[in-house]
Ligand SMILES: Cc1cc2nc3c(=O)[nH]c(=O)nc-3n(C[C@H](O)[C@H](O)[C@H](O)COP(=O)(O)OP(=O)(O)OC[C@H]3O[C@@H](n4cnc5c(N)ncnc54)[C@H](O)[C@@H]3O)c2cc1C
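Here we start with a single chain on its own, the form predicted alone, put down as structure tokens.
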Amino acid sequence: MQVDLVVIGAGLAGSCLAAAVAQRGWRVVLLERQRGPRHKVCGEFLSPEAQASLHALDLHATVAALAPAEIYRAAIISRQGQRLDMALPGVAWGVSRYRLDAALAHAAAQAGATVREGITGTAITQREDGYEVEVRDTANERTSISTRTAVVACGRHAVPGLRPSQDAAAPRQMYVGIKCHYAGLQLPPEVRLYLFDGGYVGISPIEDGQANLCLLASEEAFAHVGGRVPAMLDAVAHAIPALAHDLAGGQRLDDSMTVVGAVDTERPTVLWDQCARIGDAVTMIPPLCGDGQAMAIHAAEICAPLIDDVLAGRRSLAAWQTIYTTAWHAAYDQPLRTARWLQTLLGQPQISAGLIGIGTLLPMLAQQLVLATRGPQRIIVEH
């Protein structure tokens, strides 16, 4: 098979990019190792910045059709029950990845991309005229695709031939991520972040009147409850009275429960290694950034016109690499540093209580700190 672009991974970033490039008339193949829609560990929060990128990619109507919940505010709640309230810089959306990923992959197919599920990218080799992407299906049959350009968007899953997504050189604090949906909760249109010893948990509304609960706990905290997801959820609710109050009367939807281990919030950034990386394949976005999904979609927005230029002969592959990496670093290096710094401070009980207290007294300062964890205005790449 000879195509113009192969995208490995049909998550947010991969599907958005595949749709945008296919809309321009190029032959695009979108590979996804899993079949059918599935739940993922994610806060399922689309910021106003994410919606702006969806508009630019002509995908806003696709997501709006999912009837996402509207979110206007955010709150951080300490272990002692102190609460810091902040307004969001616009209306955010809450929508499950189960619905969202399927809708975006379908949009890519509607735009003309070939979407192949149950196909794993096993190796990428750069050739003089493009790339050879080796793939394997669920029956372990192997083949390859020749392509002029390639993009890795498969999250933390490493592709042989490229550097691993995770740096194993220096051991760091690792976390376990858990996601679960709830029905029957009476939540206002806000996202709430509760701090506890060993991590934090967020809860916010999504479509159909449901709520998303997403938790990040240290491996030690998870091991303390026997490494069982329901036990971790119960332990956190018991330790945080405010969370227990918010969950009271709700029904936990266990079929939505999912877990991921060895989460490294300090994973180094890798934007290019033979070919471009986008989304979680670049780095782990700390949950306190609040903009992980926006960053993934914005990366697709940056790369789509660059790929169009490369395929049309208006730019070189090296120019795409330079423009993309420069734009990404300019937009997100500082927000990532701020979010990781905040995560370290909020992980210390006395310091976190002091920060929330200061934020309550000086709300403008708290608002500026929150804005510092978000990317600047979207970077537009012109032809």
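Numbering starts at 1 and follows the sequence shown. As the structure is a computational prediction, the values presented were derived from the model and not from experiment.
Quick note: we don't show the form predicted together with the ligand, though the next part is all about it.
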Identify, from the list 39, 33, 315, 27, the residue with a heavy atom within 4.5 Å of the ligand in the predicted bound form. 33
Which pick from 76, 206, 113, 284 sits with a heavy atom within 4.5 Å of the ligand in the predicted bound form? 284
Which of 212 to 220, 124 to 132, 227 to 235, 81 to 89 sits within 4.5 Å of the ligand in the predicted bound form, heavy atom basis: 212 to 220
Consider residue 94 of the chain shown here, and say whether it contacts the ligand in the predicted bound form, taking contact as heavy atoms within 4.5 Å. no
With heavy atoms only and a cut-off of 4.5 Å, decide whether residue 22 touches the ligand in the predicted bound form. no
Considering non-hydrogen atoms and a 4.5 Å limit, does the ligand approach residue 68 in the predicted bound form? no
Is there a heavy atom of residue 5 lying 4.5 Å or less from a heavy atom of the ligand in the predicted bound form? no
Counting heavy atoms only and using a 4.5 Å cut-off, do 13, 119 and 296 all touch the ligand in the predicted bound form? yes
Out of 141 to 155, which residues reach within 4.5 Å of the ligand in the predicted bound form, heavy atoms considered? 153, 154, 155
